[in-house]
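Okay, here we've got a single chain as structure tokens, the form predicted on its own, with questions on binding and movement later.
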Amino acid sequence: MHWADVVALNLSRRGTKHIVSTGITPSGEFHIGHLREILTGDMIARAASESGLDVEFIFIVDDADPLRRVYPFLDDEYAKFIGHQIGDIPAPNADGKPDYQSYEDNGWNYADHFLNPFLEALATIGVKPRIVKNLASYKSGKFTECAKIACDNSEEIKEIIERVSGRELPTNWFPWSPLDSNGSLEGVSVTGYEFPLVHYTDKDGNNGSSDLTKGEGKLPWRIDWPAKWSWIGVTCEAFGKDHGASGGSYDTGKEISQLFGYDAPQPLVYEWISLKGKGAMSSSSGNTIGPMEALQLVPPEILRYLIAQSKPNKAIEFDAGMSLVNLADDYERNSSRDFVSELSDETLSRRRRVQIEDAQGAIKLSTIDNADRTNNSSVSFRHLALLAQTKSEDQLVWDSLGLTKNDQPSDLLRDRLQKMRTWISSEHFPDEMKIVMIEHIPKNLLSELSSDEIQVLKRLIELLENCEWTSESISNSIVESAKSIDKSPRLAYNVSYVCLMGSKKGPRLAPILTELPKINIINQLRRCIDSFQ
């Protein structure tokens, strides 16, 4: 069974109606690392629904959280908003400065500025959860009952956090963080409480009161989280390994949730997605690749497959170069498999059967809106990359694929070609895939050729002139040019790369040459051999 099906099976043992939840604080640009959380939740919800359960998938936006510091992408003017809730401060403009005008005119706030593009990306990859905004929930009184229970039992909650987490809380700690008169949560000390008011002194020595029923403040995270489980009715939640660590916020949340009269949801702890060679992705540090950026490069199914094909407890190392190529290769290979026939083999070992079922589940959960889009295009990811580099016009690509004017490419294939061209022109396109055909004479490299290599070049020209212009024939000609003087084919490939690409190595040569005019290739090789005259 796929990991999402295992979670769905466990949920079925707890009942038939479920709410699967994920949540993120929109403190900066969203990145592919955030997709792991929300896609994990989406896949659980989809698997549970397909198993017959009544499931709702929600995405909690933690916009009641404060701005914690001036991040590198923000202007220093944001220093005055440190401690203010990100759903209640202006969004940054293109220069990183607070956009007061948009905030005053239409309420365009910091949280929505980063949230909305992410929601657009989610829709593109088939994720359409119910959105729950924390700040609005506080202000509308959704947290009131849990906040009252927490404040009424402050010492008991303090004991739970200290015992389970192993950390000591300040003597004046209180399970409610009031907003001061300027809207900041920072530097505010609680001085007293009688429901619904929490009395405080702010950092300037001013006294005031915070009304729980109006959401004039918030619960600290370790209490806020189980409170949401309670009033929303969450039965399953995916979250990062930091929250799932021993003594972490899930462990304390399980006990605090009991005070609210609610059982903690079934957890699913996931590992981080890191950028290859750069470590864990971070919105605040700028070490990211955004979902929208990635969706401009590859079909959405491949991004879903990134999450679906890895067990949640397995770390993922990602980049938008060869990692993406290899991921697409794996996706296409598994998309073309006949899983039903494979699984009908009664001699399969248990381990092999599990591997096949995992691959089958990953492909199924990679589809968009359960639609079968895997076979809408027969051209592979790698071949499309080749065509996009060797054919400057789209029609030339369609001609190469054998598509006539009466058999035009699908919208899906057109979109894939556009994404491929965008990827090729971006900084992410891997050097290993780049095709650079030269028309000049690479004198420096040619001067390094041995007499054997020059002899191979002469023979190669003869063979290519007389071969059928197919990948197999070209490949055979390159190999034969070396064998004709009892040399390794590697010698012939080295000569070919030097003359045609101006380098000593490159991508698979024969498939590239088939997409280029034969006469151009022969002429370039002749220019090189003529330089020795």
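From 1 onward, residues are counted along the sequence shown. Note that this is a predicted model, so its numbers are computed, not measured.
The form predicted in complex with the RNA exists for this protein as well; it is not shown, and the discussion that follows is about that form.
A.B. asks: Have a look at 309-317, 199-207, 420-428, 77-85 and name the one stretch with heavy atoms inside 4.5 Å of the RNA in the model of the complex.
C.D. replies: Partner-contacting stretch among the options: 309-317.
A.B. asks: Just one of Asn476, Ser484, Ser49, Thr470 has a heavy atom within 4.5 angstroms of the RNA in the model of the complex, so which one?
C.D. replies: Among Asn476, Ser484, Ser49, Thr470, a heavy atom within 4.5 Å of the RNA in the model of the complex occurs only for Asn476.
A.B. asks: Heavy atom within 4.5 Å of the RNA in the model of the complex: which of Arg459, Lys364, Arg222, His113?
C.D. replies: So the residue touching the RNA in the model of the complex, by this definition, is Arg222.
A.B. asks: So in the model of the complex, does any heavy atom of Arg167 sit within 4.5 Å of the RNA?
C.D. replies: Contact check for Arg167: yes, within 4.5 Å of the RNA in the model of the complex.
A.B. asks: Indicate whether the RNA has at least one heavy atom within 4.5 Å of a heavy atom of Ile24 in the model of the complex.
C.D. replies: Judged by the heavy-atom cut-off of 4.5 Å, Ile24 is in contact with the RNA in the model of the complex.
A.B. asks: Should Gly247 be counted as a contact of the RNA in the model of the complex, where contact means heavy atoms within 4.5 Å?
C.D. replies: Within the cut-off, so yes.
A.B. asks: In the model of the complex, does Ile435 have a heavy atom within 4.5 Å of the RNA?
C.D. replies: Contact check for Ile435: yes, within 4.5 Å of the RNA in the model of the complex.
A.B. asks: At 4.5 Å, heavy atom to heavy atom, what parts of 57-89 sit next to the RNA in the model of the complex? List them in sequence order, or say none.
C.D. replies: Residues within 4.5 Å: Asp65, Arg68.
A.B. asks: Looking in the model of the complex, decide if the C-alpha atoms of Ile512 and Tyr331 are closer or farther than in the form shown; they differ by 3 Å or more.
C.D. replies: Farther: Ile512 and Tyr331 separate by 3 Å or more in the model of the complex.
A.B. asks: Quick one: in the model of the complex, is the Cα gap between Ser475 and Ser323 smaller or bigger than here? Answer closer or farther; it shifts by 3 Å or more.
C.D. replies: It is farther: the C-alpha separation of Ser475 and Ser323 rises by at least 3 Å in the model of the complex.
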